[in-house]
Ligand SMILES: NC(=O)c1ccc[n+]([C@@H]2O[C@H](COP(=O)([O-])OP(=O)(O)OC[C@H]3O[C@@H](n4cnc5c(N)ncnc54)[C@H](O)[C@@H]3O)[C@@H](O)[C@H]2O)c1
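Consider the single chain below, provided in structure tokens and representing the form predicted alone.
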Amino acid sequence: MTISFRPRAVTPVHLAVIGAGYVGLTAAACMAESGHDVTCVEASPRRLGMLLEGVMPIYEPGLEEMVAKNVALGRLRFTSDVAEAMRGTRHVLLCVGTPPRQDGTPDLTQISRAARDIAAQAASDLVLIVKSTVPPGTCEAIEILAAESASPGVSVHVASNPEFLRESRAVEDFFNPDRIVVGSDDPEIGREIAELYPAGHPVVVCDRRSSELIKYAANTFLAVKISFANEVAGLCELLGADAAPVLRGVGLDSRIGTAFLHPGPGFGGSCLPKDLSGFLATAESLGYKAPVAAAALAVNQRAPVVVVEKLEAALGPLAGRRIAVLGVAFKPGTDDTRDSPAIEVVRELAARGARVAVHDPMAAADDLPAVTMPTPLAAMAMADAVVVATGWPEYATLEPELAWDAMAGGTLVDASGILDADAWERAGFSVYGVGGGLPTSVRPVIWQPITWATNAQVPVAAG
């Protein structure tokens, strides 16, 4: 897939990018595409070997072509040698992992180690630009640690420059960002970092702690929005209402917006769950209550279970039942399964005794209690029910009649909302979405408005 864009002119500089994961590899390729001379450092021998052979270790639309182009032009190179990357380099982008620990706090050992290693190799003043998502106060801490490792006379300044790239649209987002955020206690260095990017987009230059919190707060708000949509969907099911028009009617309010206001099996990936946990851990470390964020996390943790319970309401006990699950990536357009709600659906089904077959066009499911099938129809063969857990476009084009002939049963739970429910119902399926409800779940509530209307305690004013 080729993505069209027209980057504005920038003043080329030598850049080092530490880490060739989703963020680092995208940043390195896009910075090179913008005209910079970029050396990307990758510590993993396996990943580095793939990059040196021209093989992408991740899938991201448009990225492979961009990497190949800039390697050929000599503007992008890969190495494991920090000293090599630091030659003639003032600006270093830190893009290493900050995974959550068991208690939700971020593990900052990788990024602190990288900062120390880089500072030790610097021959002149250094600007470390933290693109990894970190809790407020991290840049200041890293600056202290890096300064301890730097040679005498070498000044180290650490700035925050969080990324807002969506997987499957990362290249497009880099060149068409909603905003560029730079946190620096030195305004001149803040402007210097902002000028590394193509011009023409809103730039927020602020202090480091505010910049670090912007990323946490933005993703926490998106998590709240998704969890709110799932909460509304649950209420719709009990009322016999339809969540689709309800949430559309809510989202068309210009103050709210329709983005991320869709029910489903919950949110996943490398950002929202981790950043929500980080936001909560930061608040807890300060003794500050964050009940809205905590509620969003609780709703999301239950969302995959709700999907399975819907299936159980339709079929009865799931022990021994054959269930097909379509999609294991956390969203379409990526092979990333980190914190994928689809994975949790599979595990919950297996925990209840179901025999599960899965299919995904791109993501692997090697460690799941399920058998992986090469095609959607193969996964659905002789299944009692099917759950569409990830909204891949390929599933929207499946022919319902072929699926009906392949399956032993006709129960379909479209947790992604990708299918044409009417077409599948015409083929014979009983189709249930998130927010559409099951006949057994609808509660008779007419009596409540009638009671509230006829037994009002508020006197009617005369007049």
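The numbering used is simple: start at 1 and walk along the sequence shown. Just so you know, these numbers come straight off a predicted model, no measurement behind them.
This protein has a second form, the form predicted together with the named molecule, left out of what is shown; the following refers to that one.
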Exercise for the section: Tell me, please, which stretch of 44 to 52, 27 to 35, 413 to 421, 399 to 407 lies within 4.5 angstroms of the named molecule in the predicted bound form when heavy atoms are compared? Expected result: 44 to 52
Fill in the blank from the handout: Checking His201, Arg169, Arg338, Arg209 against the named molecule in the predicted bound form, the residue with a non-hydrogen atom inside 4.5 angstroms turns out to be Arg338
Handout entry: Among the candidates Ser184, Thr98, Asn300, Thr220, the residue which, in the predicted bound form, approaches the named molecule to within 4.5 Å (heavy atoms)
Key = Thr98
Handout entry: Contact test in the predicted bound form: Leu15 vs the named molecule, heavy atoms, 4.5 Å
Key = no
Handout entry: Non-hydrogen atom contact Glu344 with the named molecule in the predicted bound form at 4.5 angstroms
Key = no
Problem - 4.5 angstroms heavy atom contact with the named molecule in the predicted bound form for Lys215 - result: yes
Problem - Partner proximity in the predicted bound form: Leu318 to the named molecule, non-hydrogen atom cutoff 4.5 Å - result: no
Handout entry: All of Ile226, Thr258 and Gly436 with a heavy atom within 4.5 Å of the named molecule in the predicted bound form
Key = no
Practice task
Determine the residues of 128 to 151 with a heavy atom within 4.5 Å of the named molecule in the predicted bound form and present them in sequence order; the list may be empty.
Solution key: Lys131, Ser132, Thr133
